[in-house]
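Next up is one chain by itself, shown in structure tokens, the form predicted on its own.
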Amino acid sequence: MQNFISIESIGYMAAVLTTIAFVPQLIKTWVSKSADDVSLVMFILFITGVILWCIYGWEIHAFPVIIANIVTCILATLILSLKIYFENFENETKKKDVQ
């Protein structure tokens, strides 16, 4: 039982670290109002993978996997949404400047 608790703790620590790793990118994107450095294709692939991890975690009843990937999916989706929004905003601004 002690080994299970240790392994579970490692899972939760990994979940926290890999999830909060997206917070600085989200903050940078929000503050700079730009996501030029963010790859659209990479984030779409990443979010798809995270959704699959959620399904996998659900099927094996691995709560650290489920929780971390749900939060990561939310953060990554926010970054992707900001990227799309800011790119559209830039394009609209450029169109108005040309007119």
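All residue numbers are counted from 1 along the displayed sequence. All values reported here derive from a predicted model rather than from experimental measurement.
The form predicted in complex with a further copy of the same chain exists for this protein as well; it is not shown, and the discussion that follows is about that form.
At a distance threshold of 4.5 angstroms between non-hydrogen atoms, S81 is out of contact with a further copy of the same chain in the predicted bound form. Among heavy atoms of V31, none comes within 4.5 Å of a further copy of the same chain in the predicted bound form. In the predicted bound form, a further copy of the same chain sits beyond 4.5 Å of every heavy atom of F86. Taking non-hydrogen atoms only, V50 approaches a further copy of the same chain to within 4.5 angstroms in the predicted bound form.
Scanning 38 to 61 for heavy atoms within 4.5 Å of a further copy of the same chain in the predicted bound form gives V38, S39, V41, M42, L45, F46, T48, G49, V50, L52, W53, I55, Y56, E59, I60 in sequence order.
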